[in-house]
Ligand code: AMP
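In structure tokens, the next block holds one chain alone, the form predicted alone.
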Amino acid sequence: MRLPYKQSLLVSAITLFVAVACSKPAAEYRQSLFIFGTVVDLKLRGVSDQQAKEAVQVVERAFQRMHRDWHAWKPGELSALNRSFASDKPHPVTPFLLPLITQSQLLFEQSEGLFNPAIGKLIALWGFHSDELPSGPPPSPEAIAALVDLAPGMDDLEVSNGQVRSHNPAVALDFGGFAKGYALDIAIDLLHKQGVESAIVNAGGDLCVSGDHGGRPWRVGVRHPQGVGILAAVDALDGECLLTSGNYERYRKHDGVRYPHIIDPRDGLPVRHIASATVIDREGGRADAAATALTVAGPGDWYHVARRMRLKYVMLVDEAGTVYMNPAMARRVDFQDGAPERIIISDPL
């Protein structure tokens, strides 16, 4: 799992929950965890403190395993699988990792390859397999083209009987655009199994909710991609997840030029046209992958990708500050500092 730049912790500490009341709701338990290189905030309602603490411990243990075994470049199950691709031999994969692969293959197909976790070598080439922001000049066009020409994709993977192989030596898996959302799905499911019906799990602004907030929907915020604070507020309903993909936090900079960390698998270059893409869906992993695909698609093609992926709630912000939404999302968002100067509403469905 790709780790955000350390300075982003200062930003993620700013709450992305928009208050719906001045008084603290009854029977609310709060705890913050430091995991995936960011702060994960949990709010649980309707259970005792002891039950809440035990439930959070279960979630934390799962998160720690995810951080280890889903990491793209540190020792763990995923990095071992990536090394195995060079041998072109089947490699056993545990049920803890396998669903990320199989679901990513489906989302890869639905997004027409714009969501593509198989481009881990391209991401590493740009220097984003590091806990720190990369520096220095970008990779050479020749090095980029050498990987792009091999066209690594999730369709290069063969999955059979709990084993995975790839015939394409350029394939390396990086679930940075999917694993956080999938992890939030698991967290909510684990909380349910511990008897927690109302909760919100927020990983640096990406979140999933369960139940309600004292008889009201959970009020959450969409971070402003070009400023400080909240762009819009949304009422998140039981079982919904809100995921945002953005180019404003992790990037490479050289000679005054910013190279965002989201890479277009078609040309191997950083995506520049979209500052952020936000998706609301009932599956966190799907919302995460879709937000990445929409960012790559850009202003001209986002509606086509949204239609292909059958997304109901979508909002994008380009680098000029223009907001793109479908009508269903437009009816849900509440812009916090007045509506942006330019809003384009299209219906992909």
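Numbering starts at 1 and runs along the sequence shown. This structure is a prediction, so every number in the text was calculated from the model and none was measured.
Form predicted together with the ligand: not shown, discussed below.
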*Only one of 232-240, 210-218, 260-268, 82-90 gets a heavy atom within 4.5 Å of the ligand in the predicted bound form; which is it?*
260-268
_Taking any heavy atom pair closer than or equal to 4.5 Å as contact, tell me whether residue 119 reaches the ligand in the predicted bound form._
yes
_I'd like to know if residue 77 sits close to the ligand in the predicted bound form, meaning any non-hydrogen atom pair within 4.5 angstroms._
no
*4.5 Å heavy atom contact, residue 245 to the ligand in the predicted bound form*: yes
*Looking in the predicted bound form, any heavy atom of residue 123 within 4.5 Å of the ligand?*
yes
_Contact at 185, 205 and 283 by the ligand in the predicted bound form, all three, heavy atom at most 4.5 Å_ = no
*Answer with one of 199, 114, 172, 274: the residue that has a non-hydrogen atom within 4.5 Å of the ligand in the predicted bound form.*
114
*Would you give me the residues of 169-192 that have any heavy atom within 4.5 Å of the ligand in the predicted bound form, in order from first to last?*
174, 176, 177
